[in-house]
Ligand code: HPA
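Next up is one chain by itself, shown in structure tokens, the form predicted alone.
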Amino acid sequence: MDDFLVAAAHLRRAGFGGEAPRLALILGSGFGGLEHEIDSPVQCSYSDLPGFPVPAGTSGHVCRVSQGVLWGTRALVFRGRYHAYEGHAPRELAACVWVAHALGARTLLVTNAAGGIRGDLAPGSMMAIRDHINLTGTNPLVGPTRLRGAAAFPPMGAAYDPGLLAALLKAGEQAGEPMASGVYAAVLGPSFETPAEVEMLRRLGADAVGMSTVPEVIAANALGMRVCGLSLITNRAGGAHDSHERVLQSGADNALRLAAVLRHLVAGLA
């Protein structure tokens, strides 16, 4: 139960901590280059972090945590996340969140690559997440014991903080990036969705679909953190030529646009 506290203690000894980070940022597929925006970072690989799950090594997922000053704000940046399709236990899916909270972060920014379902969400679009549908079949709060500080039955009626949602939409305007808002559906993966599944998701009210993020958001809410979520639409869901490689390439191609939006958002928080 205390594995994540062990990880946080190790990071403090490695130079993390001190002045608590104001926010934690989890980078989605293809966005890893954004960690280079951190001034004077202290870094640690997930594989060198006691108490942290061993990364599965999914292609394109570099796993490293950095702390430093990001666009004027002290921040933790997690490059790489844990996915249920990699075989991790439910609680491990939110490892980054547990550690971020233990180090003092009280705001969580999550980013991901997603398939567009709603008609206006073409590849290259950005979507501020206003709500989600959890179809992964799991939850990071499942288990016989509760993690220290986490609510057993957290309300999810405002899982994505309304003030941060408004700030994210404003940041899009400031960056010259028109941004939609919508509902993100999380599925298990790792296969992409069939057209019939996409139609089901559409009827359920989903605007975009991916294979991550929701466990982190649930854990953050259980810990009382404010949450903001941003999806980059990398493909139209249900396509015959969907591939992980295309998702990564789209993320890399649009990373500078994403950075421009996040820079305005983080500056506003500061």
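These numbers come from a predicted model, not from an experiment. Heads up: residue numbers just count along the shown sequence, starting at 1.
Omitted from view is the form predicted together with the named molecule, to which the following refers.
- Relative to the named molecule in the predicted bound form, residues 192, 210 and 234 are all within 4.5 Å by at least one heavy atom.
- This chain is drawn without the named molecule; in the predicted bound form, the residue among 110, 113, 129, 84 with a heavy atom within 4.5 Å of it is 113.
- The single contact residue among 24, 11, 262, 247, judged by any heavy atom lying within 4.5 Å of the named molecule in the predicted bound form, is 247.
- Segments offered: 210 to 218, 223 to 231, 41 to 49, 63 to 71. Contacting the named molecule in the predicted bound form at heavy atom distances within 4.5 Å is 210 to 218.
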